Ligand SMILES: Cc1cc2nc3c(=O)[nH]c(=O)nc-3n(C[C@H](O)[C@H](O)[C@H](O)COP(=O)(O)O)c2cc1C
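Below sits a lone chain in structure tokens, taken as the form predicted alone.
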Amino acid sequence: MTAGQTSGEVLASAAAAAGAAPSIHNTQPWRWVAHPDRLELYAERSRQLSATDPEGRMLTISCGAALHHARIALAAQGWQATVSRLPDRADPDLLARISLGERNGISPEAARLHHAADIRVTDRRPVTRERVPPETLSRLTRVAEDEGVHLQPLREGQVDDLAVAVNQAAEVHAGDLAVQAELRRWTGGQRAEGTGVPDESIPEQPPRTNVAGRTFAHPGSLPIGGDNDRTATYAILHGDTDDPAGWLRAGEALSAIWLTATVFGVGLLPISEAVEMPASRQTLRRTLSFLGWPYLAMRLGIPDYGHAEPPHTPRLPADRTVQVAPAPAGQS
């Protein structure tokens, strides 16, 4: 035990650290309950995008990313953690339960990933012309496998399929008043309440990219250069099932891939619009030769370190996302 900390305090601290995880439109759609002997992760439906994400697909992926962040926070303190996913069929909003195991030494890998969680950003600008090294791509592919899913880098023609899938979804979203209302609610402005995507993280004009970025409610203030993404690597994260268990694993894999990419100086941009519509998902299933279910697409590339990176998006205070349950009567 960390000096002066109870198990419940260790778990609550990990839940607070998980607040740095990425989520769709920075909605942070999770709620943690820290008990003296376990940490429980719940879907927070009040922050679900009901029009864009009615099934809770992206909500669950976002919660999976938070779950992995909590795991890394514990590992960075030397704790082994046991995770039970979707442990209660009667309560589908209970996505995971974490309990502490033995405490061992802190591995350099855990320390690096924990640091990466602090510096990770979402950068929507075009990447540089430097390609991601093949050995780094192989490492990221293995990271996905370790989390129980698959990462498939796309060939040139397959990138065209991804672009088509994104355009399919974007056309539908552009005419959907409810989706547009969600974009206005969750993106743009200064986001003083601690959620959403601020103007400083949204490009001031559409970037020149092989796959179109999401069209927000209005342009932001993030300057972009004249580069394009001709040397970027696009990939699809996919798995064997299209259900909450698969989506949760996908979120854990997204976090693991993103933090590992950050360690190696590679930027990652999630492309969720490609999987937000049934027709666009079917397009990506064909790209995968129907051998898996697409969970998320992503762009990987070397960021332009010659210019200031976008700021970190705001976060809710821990007391909005982490509840500390009292110890049972008779326990201290």
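The numbering used is simple: start at 1 and walk along the sequence shown. This one's a predicted model, so the numbers in the text were calculated from it and none came from an experiment.
We do not show the form predicted in complex with the named molecule, though everything after this point is about it.
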| property | result |
| --- | --- |
| Options 151 to 159, 214 to 222, 233 to 241, 133 to 141; stretch whose heavy atom lies within 4.5 Å of the named molecule in the predicted complex | 214 to 222 |
| Heavy atom of residue 284 within 4.5 Å of the named molecule in the predicted complex | no |
| Residue 197 within 4.5 Å of the named molecule in the predicted complex, heavy atoms | yes |
| Non-hydrogen atom contact residue 39 with the named molecule in the predicted complex at 4.5 angstroms | no |
| Distance check, residue 67 to the named molecule in the predicted complex, heavy atom within 4.5 Å | no |
| Check all three, 79, 113 and 252, heavy atom within 4.5 Å of the named molecule in the predicted complex | no |
| Residue (of 179, 164, 121, 100) lying close to the named molecule in the predicted complex, criterion heavy atoms within 4.5 Å | 121 |
| Those residues of 251 to 274 which, in the predicted complex, come within 4.5 Å of the named molecule by heavy atom | 254, 258, 269, 270, 271, 272, 273 |
| Shift in CA distance, residue 191 and residue 117, in the predicted complex relative to the form shown here, given it is 3 Å or more | farther |
